[in-house]
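The chain below stands alone and is given as C-alpha cells, in the form predicted alone.
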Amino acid sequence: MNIGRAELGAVRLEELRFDNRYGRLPPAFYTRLAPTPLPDPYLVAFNPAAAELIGLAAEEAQRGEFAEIFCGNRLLPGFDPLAAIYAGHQFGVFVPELGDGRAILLGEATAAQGAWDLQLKGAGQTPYSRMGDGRAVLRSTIREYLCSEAMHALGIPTTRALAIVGSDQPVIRENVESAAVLTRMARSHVRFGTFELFSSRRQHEHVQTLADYVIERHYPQLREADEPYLELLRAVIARTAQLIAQWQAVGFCHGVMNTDNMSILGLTIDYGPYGFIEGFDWGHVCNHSDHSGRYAYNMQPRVAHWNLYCLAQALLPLFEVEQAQSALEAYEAQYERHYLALMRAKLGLATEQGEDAALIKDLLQLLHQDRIDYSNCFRRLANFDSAHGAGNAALRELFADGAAYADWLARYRTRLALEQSADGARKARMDRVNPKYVLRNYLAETAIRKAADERDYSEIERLTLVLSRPYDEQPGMQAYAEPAPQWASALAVSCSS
C-alpha cells in the first residue's frame, strides 16, 4: 500500500481531536453503545486523501492499532459512540422506526478543515438492527469505498471513505461472506427520515430541536433569517435539485432513494445497489430488488421531489402549509436549470439557446434506441470534427440508425456554428466535464473478487487512483474505460449489496 510521509501539521491517532454535538441532543435522538468487537481485524484499504481532511498523518495507517480502532475494538479518547434513530419511506411505504442498524457514529473529528463525522458501518448490532446481525461484508464495503471516492472526484457531493477493516468472521447473506467495517466520513449523517421520525410521533419540540441543530451546525447563514426553518427547507430543496441533476448528467443511479437515504446536506449517501449507466436506457433499474422500477434512472428527479414533500410535511410544525407548497414548487425549475446547464457543458455548448433541450433529449433518445455506452459516447463526441473530417468515424460507428444520427449531427453542427465554436477549445471544455473513467459494476466486481478470493487488495487501490482522475487520459489505463465484458452481463446488485 502506497502511503506517503505525513504532511506538515498532520497528527498521530492519539492526537486527533473529537467532539460529538449530535450526542448533546436529547436522548430520544440516539442510543449510546459501543461497537461489537471484531475478531482479528486487518487493514484492507486506506484513503490518504480522506485522512488529510481530518489532519491524520497517512503513515498512521501502518500502525497495528489502526485496524483495531477503525473496526471499533479500541476507542480513542474523545470517541462518543452512538447509533442514531430515524424513520423513513422505504419504496414509498412509511416505516415509523428505522435507525443505524449496523452503523455507529464515533463523533466529529475536528481539524483545520472543519468537523467530520466518523461513522463505523458494520460495527455490530444496535437497537435498530431489526433482526439483522449489524455487520457489513467485504463486498459491500469495497463498493461503497470505491464509489464514494469516485463521486467525489466527479465533483458530486458525497460521503467520503477513510478505510476498510476486514476480518475472517463469517457473515451470512445470500452466501457466507467475510465481515468488514467501513469508516465513513460526512459533514453530517442527518437524513430526511430523522425529521420524519419525530413528526410521526408528534414530538414537534424535537423537530424544532433538530432543525435548530442543523441550522447551527450546517446552515449558520440562516440563523438571522426572518423564517429560518422555511429557509432551511428551501436550502435543502436547492441542494437536492442540484445533486440529482449531477446524478442524471453523469448517468448515476442510486438504487434505493428512500427518505432515510436522503441527506439533509444534499450528499450522496448510503451506497448499495448503485450503478453507472453503460448502454443508455431511460428506464434503467440498477437495483435487482426494485421489481416495480420505482427508483429507475428516469424516475430519480421525480422521486427526489416526492421525498422533499415528505421532508416538508415533517417540518410543517415550523411554518405554514402554503409556504411549504411555494418552496416545493421551485424544485422542478431548479432541477431543470442545473440539468440543462450540465448537459450543455457535456455537449460543449458555451451559450444558451431555446432548442438546446430538444437537442439534448434527441441525442439521448438515439443512445436509448441503440443502448449506446453513455460515458464513451460523450467522450467520443468531444472529438467531433465540425469540418466533416475523417475523425468522426469513431463516433459514427456507435449508431445503428445512420439516418437519425446524421440528422442529429447536422443539427449539432449548426448549433456549434451559431456560437462560432472552435473544435479545439470545445474539446478541451468537453473533456473537463465528460469522464473517461466511471465506476462500472464489473470494475468494482473485479476488485471485490481479488480481495475476497486472493486477499489481494491492490486492485482497490489501483481503481481508486484511476477514478481519482476521471477526466484525464491516463496512458496505459484504457482498459478501465472499456464497456463491460461478456462475463459481467450476469452481475446483479440488490439491497444487500
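Since the model is a prediction, treat every value here as computed from it, not as a measurement. Numbers follow the displayed sequence, beginning with 1.
There is another form of this protein, the form predicted together with adenosine monophosphate (AMP), and it is not shown here; the text below is about that form.
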- Note on the structure: Picking from 356, 281, 133, 227, the single residue whose non-hydrogen atoms come within 4.5 angstroms of adenosine monophosphate (AMP) in the model of the complex is 133
- Name the residue from 160, 187, 102, 346 that puts a heavy atom within 4.5 Å of adenosine monophosphate (AMP) in the model of the complex. 102
- Query: Using 4.5 Å between non-hydrogen atoms, is residue 268 touching adenosine monophosphate (AMP) in the model of the complex?
  - Reply: no
- is_contact(residue 237, adenosine monophosphate (AMP)) in the model of the complex, heavy atom dist at most 4.5 Å: no
- Do residue 200 and adenosine monophosphate (AMP) share at least one heavy atom pair within 4.5 Å in the model of the complex? no
- Do residue 260 and adenosine monophosphate (AMP) come within 4.5 Å of each other in the model of the complex, heavy atoms counted? yes
- Determine which one of 295 to 303, 315 to 323, 85 to 93, 416 to 424 lies within 4.5 Å of adenosine monophosphate (AMP) in the model of the complex, judging by heavy atom distances; exactly one does. 85 to 93
